[in-house]
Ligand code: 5GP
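Shown next as structure tokens: one chain only, the form predicted on its own.
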């Protein structure tokens, strides 16, 4: 494989953790001119405001399963009865020509790291589960029962953050954006990155 001088970043967070808003902000920044975002396939139904090819590529469950059988995904997972996956062609095409940002859950991040060992994994950590619950309620997309399921799943997701390279506290949008900017645009080394995540926060969140 020829040397690729571009960089690959994976950004994860629990549902409602704010990753989509922050990623959108990153791509509004003039420094993102040599960055692309990988768009995932999904079998879930479109929500109001979803844009084909910008938010996701929306597939039927049948078509998604056919792509699985053809081994067309770098990674895929089932989340709340819906399939999500990153196609090999999507990554190959975009990563060849630019730095690439992927928005994945921990399962996808782990799978991608096995293939691209230079990938930088970034986890957005909520300041508390109470704060996360408020965000989930505010976005008004889920029933109370689903929100409780998402909060339970969030504990598992946060526990997986120990294998990520960078932990970014998303207690304040502007501060989290500045932290992400340092990682993506300034190529800050992990040894120089001053994470604002308190040492005991992860433990408290997953208890």
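Residue numbers count along the first chain shown, from 1. On a predicted model such as this, the values are computed, not experimentally measured, just so you know.
Keep in mind that the form predicted together with this ligand is missing from the display, and what follows is about it.
Q: Which one of these stretches, 162 to 170, 178 to 186, 38 to 46, 25 to 33, sits within 4.5 Å of this ligand in the model of the complex when only heavy atoms are counted?
A: The contacting stretch is 38 to 46.
Q: Report whether the minimum heavy atom distance between residue 126 and this ligand in the model of the complex is within 4.5 Å.
A: Residue 126 lies outside the contact set for this ligand.
Q: Check residue 119 for me: does it contact this ligand in the model of the complex (non-hydrogen atoms, 4.5 angstroms)?
A: No.
Q: Closest heavy atom of residue 90 to this ligand in the model of the complex, within 4.5 Å or not?
A: Residue 90: no contact with this ligand in the model of the complex.
Q: Should residue 101 be classed as touching this ligand in the model of the complex when contacts are defined as heavy atoms within 4.5 Å?
A: Answer no; every heavy atom of residue 101 is more than 4.5 Å from this ligand in the model of the complex.
Q: For 62 to 97: residues with a non-hydrogen atom within 4.5 angstroms of this ligand in the model of the complex?
A: Heavy-atom contacts within 4.5 Å come from 75, 77, 79, 84, 85, 86.
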